[in-house]
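As structure tokens, one chain now follows by itself in the form predicted on its own.
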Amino acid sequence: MKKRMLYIVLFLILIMIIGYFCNEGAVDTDFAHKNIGPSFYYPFGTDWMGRNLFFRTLRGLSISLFIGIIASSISAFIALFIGMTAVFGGKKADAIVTWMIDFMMGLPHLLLLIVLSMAVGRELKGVILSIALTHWTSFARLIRSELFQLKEKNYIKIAEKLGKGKVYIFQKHMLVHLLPQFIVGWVLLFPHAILHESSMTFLGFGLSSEQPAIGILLSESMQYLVTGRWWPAVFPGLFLVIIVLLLYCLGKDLQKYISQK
């Protein structure tokens, strides 16, 4: 299990590194070689402008992984702060937090993402912030529940009676138990962040068309499917699914590994 997790992490890091250096190749146009199917020189074929889809797919995946890392990290720390507020802020704070979570979860998720992305200016900043500000709800509920259970432990009650402060109790007695669940939850936010980034971009509300993002590639490929040019849609879509499944497996393996400790 540990080897599989290591291989997945190394593969994702490799995709990000290679994708970073594919930026120039992803935007180079060659109209003399447009709409070429998969071949030895062009493994994923070329698009309607003669751009190499192999380089564009790798670059798009690296962008998605970068967005996933930043957005899921922000969202995870928002969830942690919200959960701590509910537990240490008293009954009124807990009631407000519970209402906020229920309210956010009751809103149409994709619509909320689009509205927030448009409000903060779309592009990379808008996509990251919209994902980060909408993906904390379920994780915050989990952290809140975990902290409430820890708060009922005898050693926590003894520490409170000894006059220890809330910050001290959290750092010394709760954080060590919460950290494994926090890491697993953070990793499991990745696939959701990547899928929603691609969905927003596909619908035209995410990254600009100048970026070789996976959503852009899939959106551009739709008009060529009816003409039999399947490769602009199949390869980017297939690798997006593979990346999402690998992240999901990484989170589940990490969860099983921690539970065995």
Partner chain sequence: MAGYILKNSIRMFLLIIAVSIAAFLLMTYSPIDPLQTNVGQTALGIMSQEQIEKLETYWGSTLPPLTRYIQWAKDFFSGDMGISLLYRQPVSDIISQRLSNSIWILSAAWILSGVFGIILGMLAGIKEGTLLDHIIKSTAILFSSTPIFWFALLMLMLFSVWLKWFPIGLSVPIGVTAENVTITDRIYHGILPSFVLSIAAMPNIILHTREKMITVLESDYVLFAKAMGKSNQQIFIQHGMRNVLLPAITLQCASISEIFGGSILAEQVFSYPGLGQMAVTAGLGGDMPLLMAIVVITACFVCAGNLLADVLHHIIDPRMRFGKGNKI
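Residue numbers count along the first chain shown, from 1. Not measured: the values here are computed from a predicted model.
Another form, the form predicted in complex with the partner chain, is not on view; read the next lines as being about it.
Contact annotation for the candidate site: Leu218, Trp230 and Val234 all lie close to the partner chain in the model of the complex (heavy atom within 4.5 Å). Proximity of Ile67 to the partner chain in the model of the complex falls outside the 4.5 Å heavy atom cutoff. Contact between Leu61 and the partner chain in the model of the complex is not found at the 4.5 Å heavy atom cutoff.
Contact between Ser199 and the partner chain in the model of the complex is found at the 4.5 Å heavy atom cutoff. Although the partner is absent here, Phe11 sits far enough away that none of its heavy atoms falls within 4.5 Å of the partner chain in the model of the complex. Of the stretches 99-107, 176-184, 162-170, 74-82, only 99-107 has residues with a heavy atom within 4.5 Å of the partner chain in the model of the complex. For the residues Leu188, Ile114, Ala86, Ile128, the 4.5 Å heavy atom test against the partner chain in the model of the complex is passed only by Ile114. Think of it this way: in the model of the complex, the partner chain has a heavy atom of just one of Cys22, Ile15, Leu240, Leu250 within 4.5 Å, and the residue is Leu240. Contacts with the partner chain in the model of the complex, taken as any heavy atom within 4.5 Å, map within 196-226 to Ser198, Ser199, Phe202, Leu203, Gly204, Phe205, Leu218, Ser221, Met222, Leu225, Val226.
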